[in-house]
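This document opens with one chain alone, in structure tokens, the form predicted alone.
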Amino acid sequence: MRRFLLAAVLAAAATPAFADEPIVLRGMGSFHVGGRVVEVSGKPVKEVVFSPGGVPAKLDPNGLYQVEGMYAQYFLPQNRKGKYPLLMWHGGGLTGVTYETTPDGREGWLNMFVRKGWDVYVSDAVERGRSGFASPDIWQGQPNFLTKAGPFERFRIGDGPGSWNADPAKMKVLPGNQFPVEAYDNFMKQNVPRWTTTDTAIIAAYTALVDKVCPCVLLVHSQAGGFGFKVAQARPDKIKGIVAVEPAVAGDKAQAANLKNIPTLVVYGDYIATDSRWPKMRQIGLDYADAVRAAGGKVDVVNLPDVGIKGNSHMLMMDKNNKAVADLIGDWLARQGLTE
């Protein structure tokens, strides 16, 4: 790859919320990976006016479609310190924007890990964002959408069901919570529909990304926890480390031995014990960690309040103390010998 320098602060304009030092890159770009071709047949031809006042056109939905490709972008620091690329995979109903910035305009983990010297790849999973989605003729099931109350009450920002309110003064925020609640509307603008029937397609595209880019380190969040563990089980020689940030699901315990040579860190935030769902989801992660350890693997589990990092919601990379969490992860990666 032709080397070149790009000096940029990865915001549209420098603001006090961002670090003052420019980010110097040796390269950046994007690509699509994976996917398949599907043929649709037996559908009636329609006449469509694509724009008001336009000339009608016949639209024949029969034919070949390219579907289930995945969009990825990459940022390569000039002063590289990570031995391998760091792939950031987002959670359900979200896109790679999860890591780009925070709802209140602070630096996201993308910037922070580029500053730490990691080649960072951020993707939009199949069905999300710039990866797009397939038609109902191809995908079974319906997309699911989140109300404004949903993440507030389920992501341990508010104090459970009924804690969200259209009047910010009436919102019941968990005491000491680090999520930037004043920018919650900006967070909701990032939400996109998700399906419950596309896991196979998502995993296939992530596997194609790993085959293209890796060996690498995976940093996965929430729904992507299960995707990351399953891809690592299928490609253990290509994965050099896993950081699972509040994985909502885990891998296949019957294949846990495939991770025995992959150092793994699992990170959990605050307020889990008092939540209605998260104790069970956390136990799923702990049980999988035990299975990996029983097979001879190394899994470190960090409960952030136990190490003095308190108030974190499910969206740790967006919380006001996101740098402290990023530093903890960066230090762990260094201790595993994954940095120069």
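All residue numbers refer to positions in the sequence shown, first residue = 1. Because the structure is predicted, anything quoted here is derived from the model rather than measured. Here, rigid core means the biggest group of C-alpha atoms that superpose within 1.5 Å across both forms.
Only in words, not in the display: the form predicted in complex with a further copy of the same chain, which the text now covers.
Based on heavy atom distances of 4.5 Å or less, which listed stretch (93 to 101, 171 to 179, 252 to 260, 265 to 273) is in contact with a further copy of the same chain in the predicted complex?
In the other structure, the partner sits against 93 to 101.
Under a 4.5 angstroms heavy atom criterion, identify the one residue in L304, A291, V299, V33 near a further copy of the same chain in the predicted complex.
Exactly one listed residue reaches within 4.5 Å, namely V33.
Would A183, T207 and G308 all count as contacting a further copy of the same chain in the predicted complex, using a 4.5 Å heavy atom cut-off?
Result no, not one residue of the spot touches a further copy of the same chain.
Whether I239 contacts a further copy of the same chain in the predicted complex should be assessed with a 4.5 Å heavy atom distance threshold; does it?
Contact check for I239: no, nothing within 4.5 Å of a further copy of the same chain in the predicted complex.
Hey, in the predicted complex, does S135 get a heavy atom within 4.5 angstroms of a further copy of the same chain?
The answer is yes: S135 has a heavy atom within 4.5 Å of a further copy of the same chain.
Wondering, does Y121 line up within 4.5 Å of a further copy of the same chain in the predicted complex on heavy atoms?
Because a heavy atom of Y121 falls inside 4.5 Å of a further copy of the same chain in the predicted complex, the answer is yes.
Give a yes/no on whether R194 approaches a further copy of the same chain to within 4.5 Å in the predicted complex, heavy atoms considered.
Yes, R194 sits close enough to a further copy of the same chain in the predicted complex that at least one of its heavy atoms falls within 4.5 Å.
Between 189 to 222 and a further copy of the same chain in the predicted complex, list the residues on our side with a heavy atom within 4.5 Å.
Residues within 4.5 Å: K189, Q190, V192, P193, R194, W195, T196, D199, K212, V213, P215.
Compare the position of the CA of V45 between this form and the one not shown after a rigid core fit and state whether the shift reaches 2 Å.
Passes the 2 Å threshold, so yes.
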